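The chain below stands alone and is given in structure tokens; this is the form predicted alone.
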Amino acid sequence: MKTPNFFLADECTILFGKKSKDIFGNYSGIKLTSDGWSIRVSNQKKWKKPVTIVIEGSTKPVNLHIHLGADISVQWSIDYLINLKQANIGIFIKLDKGARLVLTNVFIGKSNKEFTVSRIIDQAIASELDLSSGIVVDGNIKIADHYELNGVGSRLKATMLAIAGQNETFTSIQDVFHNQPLTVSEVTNLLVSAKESQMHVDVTETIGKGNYQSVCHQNNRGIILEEKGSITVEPKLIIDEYDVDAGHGCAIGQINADELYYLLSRGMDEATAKRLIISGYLSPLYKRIENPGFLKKLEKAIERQMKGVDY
């Protein structure tokens, strides 16, 4: 996918691709490595503003290593422009003591083959990760997330919105490990299956013995727009400690009849009412997108995924 001009015109955008060496500018801690890029932030001064990182599609595997030093706090959007022959993607995040990363991670584009996204996160004492993911890809995709809460008091909030259309397959495997006391995780998955797509999510959260007063919550919701589509979710909790707060919820089905009736009773036609209900699923991701041009592109991609759906 060609890099859109609305990204290039934004002074707070960093482009990783064929011209990446020319666009690093004054951002410190960025290095081009043999297998991708590395970002290390030890001085927050040059990262005060929210920054968008755009990674062009690649036919070779591309890794991105992110390391935030102690007490560093940054807000980033990392947008992957998927191409037709997209190779596997690796993202590795390490947060030192007290570091805080607010990250919006979007994958958008078309691929002719199945590819895998692997994300590995290592959090130290009192670190915080607020991760919002959007997956709007024409093609088959597998996402494997591995979260390690390795520091006392570390916190994770992970929200994923995924939309699959046509006869695509989407698979997500999420593993969260509470390896220290007083750790907190909140995992939310929002899924939309259009046409004949098949979606499967496997979420496992583990609290080991001795990791007292830890909290882990899961919330999984899915809308199936047509009868031939499917969504399956396997929420699992593995708890080996008494003094914890853990729970999960899962709601998968077609559009809620009560919500639909309410909107119809307010004078909406059925197609408009259904679109409004679906937009409620999308709003958490939309609110995180600050670039108006990219938001418009994302909306068009979602409409394309659901094209032909019998609303």
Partner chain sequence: MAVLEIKNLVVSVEDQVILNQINLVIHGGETHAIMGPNGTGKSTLAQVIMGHPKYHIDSGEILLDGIRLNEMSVDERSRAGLFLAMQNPIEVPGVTNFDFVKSAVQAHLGEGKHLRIGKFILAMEDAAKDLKMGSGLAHRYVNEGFSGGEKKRNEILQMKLIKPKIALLDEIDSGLDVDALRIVGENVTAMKSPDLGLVLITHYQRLLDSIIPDYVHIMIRGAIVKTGGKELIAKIDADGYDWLKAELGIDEFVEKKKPISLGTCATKSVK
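Positions refer to the first chain, counted from 1. None of these values were measured; they are calculated from a predicted model.
Form predicted together with the partner chain: not shown, discussed below.
Contact annotation for the candidate site: T232, D269 and Y281 all lie close to the partner chain in the predicted bound form (heavy atom within 4.5 Å). Only one of 34-42, 239-247, 55-63, 252-260 places residue heavy atoms within 4.5 angstroms of the partner chain in the predicted bound form, namely 252-260. Taking L101, I125, I108, I224 one by one, only a single residue has any non-hydrogen atom within 4.5 Å of the partner chain in the predicted bound form, and it is I224. At a distance threshold of 4.5 angstroms between non-hydrogen atoms, L276 is in contact with the partner chain in the predicted bound form. Taking non-hydrogen atoms only, L264 approaches the partner chain to within 4.5 angstroms in the predicted bound form.
The shortest heavy atom separation between K300 and the partner chain in the predicted bound form exceeds 4.5 Å. Using a 4.5 Å cutoff between non-hydrogen atoms, K296 does not count as a contact of the partner chain in the predicted bound form.
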